[in-house]
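First, one chain by itself in structure tokens, the form predicted alone.
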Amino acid sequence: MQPKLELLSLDLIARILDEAFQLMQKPGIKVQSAAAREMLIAAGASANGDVVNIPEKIIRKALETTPDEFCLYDRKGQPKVWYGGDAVQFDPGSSGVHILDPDTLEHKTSYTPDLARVVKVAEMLPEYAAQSTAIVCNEVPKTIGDFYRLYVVLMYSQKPIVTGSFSVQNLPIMFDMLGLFAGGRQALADKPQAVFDVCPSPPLIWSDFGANNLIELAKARVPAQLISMPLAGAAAPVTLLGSVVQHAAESLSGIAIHQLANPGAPIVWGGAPAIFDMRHGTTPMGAIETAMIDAAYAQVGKSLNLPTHAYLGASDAKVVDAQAGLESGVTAIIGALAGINMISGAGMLDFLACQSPEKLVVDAEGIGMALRLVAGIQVRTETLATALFEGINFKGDFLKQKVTRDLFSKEQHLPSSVIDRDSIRGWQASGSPDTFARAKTRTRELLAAYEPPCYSPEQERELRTMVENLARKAGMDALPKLG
């Protein structure tokens, strides 16, 4: 039995959806893409300028064609990530613009070697089912930043990827890059290796490039992941439920655009909402209320039989300290108990601005605990306990039993050396390291043990040549060294 967290009653889910349908008609959704507006109007919507009033029947028809599950594959074509049901998986948070220097604790501008380091660490940790385009490479022109980050990940990882594009022009390039390993565009559609984030703008806006990205992803049948970002109290209603309603309206309107472009294309009900901190004017991703919005909107998505995603497991702390562990661990547990299919955010600090490989290592321990929790308690022996007491004679001799040796590693999640379970004497003898010091050591060990993917020379050469040619067109003489 998988334990679950549900914050909404069925009646409340119905009210959320009803009000979301109302919002899509009044005031409507601002759709800045002419192509998306034309499809919606042809399907029966009305428009006043770029504001489209979308009737419920269009949404209901779109929901009839959305797949309730799909799989992501690794570079070898093996299924690795399952979107659907209550499957729970994690990937690192993405698009950070800073990297935490583990020695000085400064937030430094991130570059290519920093992304390579993050990818290598995530590749070595089984707790991460997928990679992400985790940080921005600031030495690369923004016009090519999206596919360049994907290039770095492909060079260092075999895992499926959570990525995205901030322009329509870069999408086909990224499809071709992934197609090099999948065997072409059609093979990529049959066995997708990445899911692409697509973001509406709060409140109730689909920008030109956001809507057009949805259309192009649908046409290519590459999975799209909706990232609605209501900001409770600022760019969304102050109540948690009000923000969930806004999330539903933005996401449902996106599904309508996506399915009108190509019915049956895979799409994910995801997001990265937050509350607005009235004292500091910040967007705390580690707040319990932020996690509650995530769990609630995921429950709404599940009621519609949609695959789910959320941004959890991040922290607003500036260094890897007790606050970082508290916020990341609590919200990762909430996401796991909510049965969210893909949970992004690990490794991130400072309101998603900063990524840290050392935090990625610490977060993997919390993820391991979360996954153990959702695995639940299982019956592993014929009797629950009585047979295990035979011959014990009131002595604590269970260590001698064969069943103990056979089952302890299944019953217990065994953490890495990042988690201290030694005696105080043993801890002192090892130099009394704190969690961050142990994480630094573990990170160095993972990087030392890392081995790059075994690609064919032709694949690697073709990928590099493709990116080099595009980089030259963007004004770069040569690609940065990968590190």
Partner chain sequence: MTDELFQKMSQSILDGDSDAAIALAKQAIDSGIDPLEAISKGFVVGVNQVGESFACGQAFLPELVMAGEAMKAAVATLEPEMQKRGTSRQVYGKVVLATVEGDIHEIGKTLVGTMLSASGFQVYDLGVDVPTAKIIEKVKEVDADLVGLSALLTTTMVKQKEVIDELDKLGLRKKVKVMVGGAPVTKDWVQKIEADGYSEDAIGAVGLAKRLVGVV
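Nothing here was measured: the structure is a model prediction, and the numbers come from that model. Residue numbers count along the first chain shown, from 1.
The protein also exists as the form predicted together with its partner chain; that form is not presented, and the subsequent description refers to it.
### Task
Work out which of the listed stretches, 276-284, 256-264, 327-335, 290-298, brings a heavy atom within 4.5 angstroms of its partner chain in the predicted complex.
Heavy atoms within 4.5 Å of its partner chain in the predicted complex occur in 276-284.
Would residue 219 sit within 4.5 Å of its partner chain in the predicted complex, counting heavy atoms only?
Because no heavy atom of residue 219 falls inside 4.5 Å of its partner chain in the predicted complex, the answer is no.
Should residue 142 be counted as a contact of its partner chain in the predicted complex, where contact means heavy atoms within 4.5 Å?
-> Judged by the heavy-atom cut-off of 4.5 Å, residue 142 is in contact with its partner chain in the predicted complex.
* Asked: If you check in the predicted complex, is residue 166 within 4.5 Å of its partner chain, heavy atoms only?
  -> Flag for residue 166 set to yes.
Check your understanding: Going by a heavy atom distance of 4.5 Å, is residue 97 a contact of its partner chain in the predicted complex?
Key -> Yes, residue 97 is a contact residue.
* Heavy atom within 4.5 Å of its partner chain in the predicted complex: which of 87, 369, 234, 173? -> By the 4.5 Å heavy-atom cutoff, the listed residue in contact is 234.
Query - Answer option from 383, 239, 404, 138, heavy atom within 4.5 Å of its partner chain in the predicted complex - result: By the 4.5 Å criterion, the partner-contacting residue is 138.
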